[in-house]
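Presented below, as structure tokens, is a lone chain in the form predicted alone.
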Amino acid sequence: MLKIAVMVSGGGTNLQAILDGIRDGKITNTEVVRVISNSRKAYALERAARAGIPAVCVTRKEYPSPEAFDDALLAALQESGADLVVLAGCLVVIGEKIVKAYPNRIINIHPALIPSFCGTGYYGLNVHEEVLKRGVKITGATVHFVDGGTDTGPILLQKAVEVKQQDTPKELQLRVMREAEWVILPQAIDLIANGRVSVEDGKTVIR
């Protein structure tokens, strides 16, 4: 049984997709053992409470330094006993200490087709605003492993989504969530839970 800790910052729609995936059998051999938020106002904490999942809030402002925050975050992860860390709409930059503690055991969902529209500053609605500004016709979402860079780790799964001419950023964001994020994040977790994923020479291999 794969034990996962899910890190969140806001509404928790990707967390809900994970919980629904486990309930519906789309994610097998998996248990969510803890939800960790960096915001006490995150609705994701309410979703965790309703599902009976232990949740904790670790916020940067409550610690004197980035190093102290990283230590607290790492402690919360280690205490959960999680095998895999899932960044599901998490806006926290994961420190090097945490990445080293969970090598190839942290995955992130990004709302674009990496390497497009990714890296520093590309998060949330900003991504979709830039997609529309650039005029691309296809966007999507990517699940990737987390390494020391920003959106630079090995890509696990991607799914394309059509950009429509009349789209607003919020409309596009919702379509990317529905058609891509909520689909490939559960798929990625299920693949990992069933031993079908490895990282070789900096790239993912799916068996």
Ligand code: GRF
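In case it trips you up, residue 1 is the first one in the sequence shown, and so on. Given the structure is predicted, the values throughout are model-derived calculations rather than measurements.
The same protein also exists as the form predicted in complex with the ligand; that form is not shown, yet it is the one meant from here on.
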{"item": "Partner-facing stretch of 31 to 39, 57 to 65, 173 to 181, 154 to 162, counted where any non-hydrogen atom is within 4.5 angstroms of the ligand in the predicted complex", "value": "173 to 181"}
{"item": "Single option in Ala82, Leu113, Ile109, Leu73 placed near the ligand in the predicted complex, where near means a heavy atom within 4.5 Å", "value": "Ile109"}
{"item": "Contact test in the predicted complex: Gln187 vs the ligand, heavy atoms, 4.5 Å", "value": "no"}
{"item": "Close approach of Ala88 to the ligand in the predicted complex, 4.5 Å, heavy atom", "value": "yes"}
{"item": "Non-hydrogen atom contact Gly12 with the ligand in the predicted complex at 4.5 angstroms", "value": "yes"}
